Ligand code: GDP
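What follows is a single chain, given as structure tokens, in the form predicted alone.
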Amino acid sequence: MFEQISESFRLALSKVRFVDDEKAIKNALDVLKKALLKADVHHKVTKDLLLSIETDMKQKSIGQKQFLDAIKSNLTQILTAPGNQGFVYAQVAPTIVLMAGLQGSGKTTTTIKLANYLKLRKKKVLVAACDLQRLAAVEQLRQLCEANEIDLFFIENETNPIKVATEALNKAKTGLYDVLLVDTAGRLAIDEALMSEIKDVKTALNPHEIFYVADAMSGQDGVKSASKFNDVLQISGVILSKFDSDSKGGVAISIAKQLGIPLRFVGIGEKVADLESFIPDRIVSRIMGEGDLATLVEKTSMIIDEKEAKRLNQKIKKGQFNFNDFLEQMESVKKLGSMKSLIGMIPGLTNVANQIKDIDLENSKEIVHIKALINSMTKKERENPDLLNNSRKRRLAAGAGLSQMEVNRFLKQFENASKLAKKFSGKGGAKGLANMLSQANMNRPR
């Protein structure tokens, strides 16, 4: 996300690294101008941003830090459109959210991602299937809801989206739901029928929020489409889908600046957990390669229960960490979303994240084999790995479709990892781990 813009900022900063005169600043601004235009940022937005940076620099001493501060403050200001950030709940439940967008923008999958985001925050969510135009749209939504344990409201063979929407709202009220997400019909292009239908649904529901789902790869076309929807619906926020696929990021800057509509969320991967609040100063921190520990902490706190973490730490200290615990932790990590995005939140590792392939904790060959191996164990074997003698290992190898050598290698890795975890738990947990890593980094060959 913002990979191209990020790289251009680093290149621009290098222009004033050793030379801090006005000519160096001009060269740096020229680099930024070309990169921003190439990244699909509107030419007027680019001009305004560069003028603001240049004005700031004239009021300060010239230098790399001052240039960096000017970029950060002005980019943050551009991305901070008036309105709310993240998700805002209505004073009286349920909070009604109308999801709008063109067909192919990722609207339906984004609706599920948003439902999952809210569910992780202990909210009761109902999704209403009001896309009655696209063939199999309701079935797609049903399968996604079922796979992610999200409640769905639909009416079999119904053709009137207003009837579905109003009955879904009644269910949301009587069922004491916190949030109602309404998935509406999209089209391949904006047309009068689409706008008339979604406007009628809006009138029937009087939603608290109207989120427009924009394809991050759509460039200036995405800005134009958002503008047309806004004219009809008065959009309260934009969700950028497929943001992981777009190395440019210009559409985000253009929507915020040109339309004055706040960016509320971004989809950063294919997994259901890959949705994040769009908080401008944090996004700018990532663009500048400084990471985003605040979002990382928030994500992990949603998944990792404090009591469970303490219980697990006690088991590790006593050397009682077993295969059941291992599977539970794997399932928890999956909920964090894309490993690539998580690595990119760690200060200093942004460049590393851009260069690696993402790790699929669900379908990678190694993970599938490990799950098959553990599922081949008896209950006692999972709880007590010491029971695994040669005959048991042969049985496990046959059950998981592995060689005994592969079984031995995994068991050895598990044993070493358990010992290492026990060592860290006795050294102050995460603090001890950080100190050991810091010491190792200081002692490594240069």
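So that there is no doubt, residue numbering starts at 1 and follows the sequence shown. Computed from a predicted structure; not experimentally measured.
Here the subject shifts to the form predicted in complex with guanosine-5'-diphosphate (GDP), a form of this protein not shown in this document.
Of the stretches 276-284, 134-142, 227-235, 203-211, only 134-142 has residues with a heavy atom within 4.5 Å of guanosine-5'-diphosphate (GDP) in the model of the complex. Residue-level contacts in the model of the complex: of G222, G250, P161, G267, one residue has a heavy atom within 4.5 Å of guanosine-5'-diphosphate (GDP), and it is G267. Only one of the listed residues (T295, T109, S218, N116) places a non-hydrogen atom within 4.5 angstroms of guanosine-5'-diphosphate (GDP) in the model of the complex, and that residue is T109. Contact between S241 and guanosine-5'-diphosphate (GDP) in the model of the complex is found at the 4.5 Å heavy atom cutoff.
In the model of the complex, G104 approaches guanosine-5'-diphosphate (GDP) with a heavy atom inside 4.5 Å.
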